[in-house]
Structure formats: C-alpha cells, structure tokens
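One chain is shown next in structure tokens, namely the form predicted on its own.
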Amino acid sequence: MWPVVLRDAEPGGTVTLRPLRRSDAREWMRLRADNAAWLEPWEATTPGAGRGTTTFAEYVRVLTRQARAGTTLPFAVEHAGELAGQLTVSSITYGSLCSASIGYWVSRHVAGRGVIPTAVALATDYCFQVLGLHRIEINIRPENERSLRVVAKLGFRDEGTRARYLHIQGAWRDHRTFALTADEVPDGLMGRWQRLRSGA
C-alpha cells in the first residue's frame, strides 16, 4: 500500500499528503527551525536520553521501512505545493482491534487555514476505506487549544484523559484521547469536513 499520495479533491483544494522524502531535508529542517518555539511545547521526548544524532536521511529511512511493513504512514503535508508540516499514522494494528493513531505538526504560517483538519480527514478516510481499519485516535495535551479545535471541527469523540501518557518536554504529561470509528462516518470524514466548511 506504500507509497501513496492523497489530495483534497474539492474545488480550490490545496492540501496534499505524500511520502516524506530524503530530498525534503533542507525545507523540513528550515520549517522545524522557524517553528521551534511554536512546536516545542508539544514535542515528544525520550526519558533519560539526550538529543540523538540521527540524520534526516536515517529518519526517513526508518519511517519508510515502517511504512512498507504496514505499521506507519509517514506523510509530508503540502499546502499549495509547498511543504507545510507532517502527519503520521502510527501504531497500525489489525486483528480484533483494527486501529491506528494520528499525530501531526504544521507550520505556524499556515495554521488556521484548515490544512490539518483536511489532512486528518484525508488520512482517516484512507485508513477506513482502503486499509479497512475500524478506529482512529488522536491524543492531545489538554493545554493544546489549537489541536483541540481540530478534533472538535472533525467530530472526534472525547474519550477522557490518559494520565501521564506521553513524555513531553522532560516529563510525563496527561493527554486527552479523541477517537472516531468507521461506522460514525459512513460517507467519509472528508465529506463531513467539506459540509462543515461549506456551511451545509
């Protein structure tokens, strides 16, 4: 199933999800540097570990290997043809669970333009309609108001707080879990998001 490219097919749609590539290195690192203060409060850390020396090429190679194994979908998020962030579908599990998690980041200069809600809708529909998954979850720190607005717009259910769920900025942080199942969006999450955007 990998590689795959997903596009917003709506008139005027500007969002594309495509595989993260080694050739993205310069632009990806520039975006991360420009958005360091914007992203740092939400960045996962590893307890007891210093900063690693993994190169961007190694990072992409690991993600690509996971994608080919079917456990991860590492997407670059493009807005109007330019790299604007990243969305990763991880922990893809089949069997009796058929579930995955979505995480993302986006550059501040395109925040508030519907880029991430569109990207999440595209990825969710792919997981439900192509991969045959049943459930998608997104875990968000309670303080992250912008991400909370994303799941609210898309209609993800609040399933409560997971205490000390992820290691962020050197400490274990609580997260709220939001989820959606395929039967809740029989016409697709993108359809729901399009109706909301159009005011229908």
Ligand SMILES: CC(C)(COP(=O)(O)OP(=O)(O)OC[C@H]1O[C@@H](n2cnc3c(N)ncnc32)[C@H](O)[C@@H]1OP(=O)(O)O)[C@@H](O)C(=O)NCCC(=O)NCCS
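Counting begins at 1, following the sequence as shown. Source: prediction; values computed, not measured.
One more form of this protein exists, namely the form predicted together with the named molecule; it is left out here, but the text below deals with it.
Contact annotation for Y59: none of its heavy atoms lies within 4.5 Å of the named molecule in the predicted complex. Looking at W105, you'd find a heavy atom of it within 4.5 angstroms of the named molecule in the predicted complex. Not displayed here, the named molecule is kept clear of Q169 by more than 4.5 Å at the level of heavy atoms in the predicted complex. Although the partner is absent here, P74 lies well away from the named molecule in the predicted complex, with no heavy atom inside 4.5 Å. Here the chain stands by itself, but in the predicted complex one stretch of 59-67, 155-163, 22-30, 135-143, 135-143, has heavy atoms within 4.5 Å of the named molecule.
Taking L97, A80, V130, A111 one by one, only a single residue has any non-hydrogen atom within 4.5 Å of the named molecule in the predicted complex, and it is A111.
Site residues L39, W42 and I116 are all in contact with the named molecule in the predicted complex, judged by any heavy atom within 4.5 Å.
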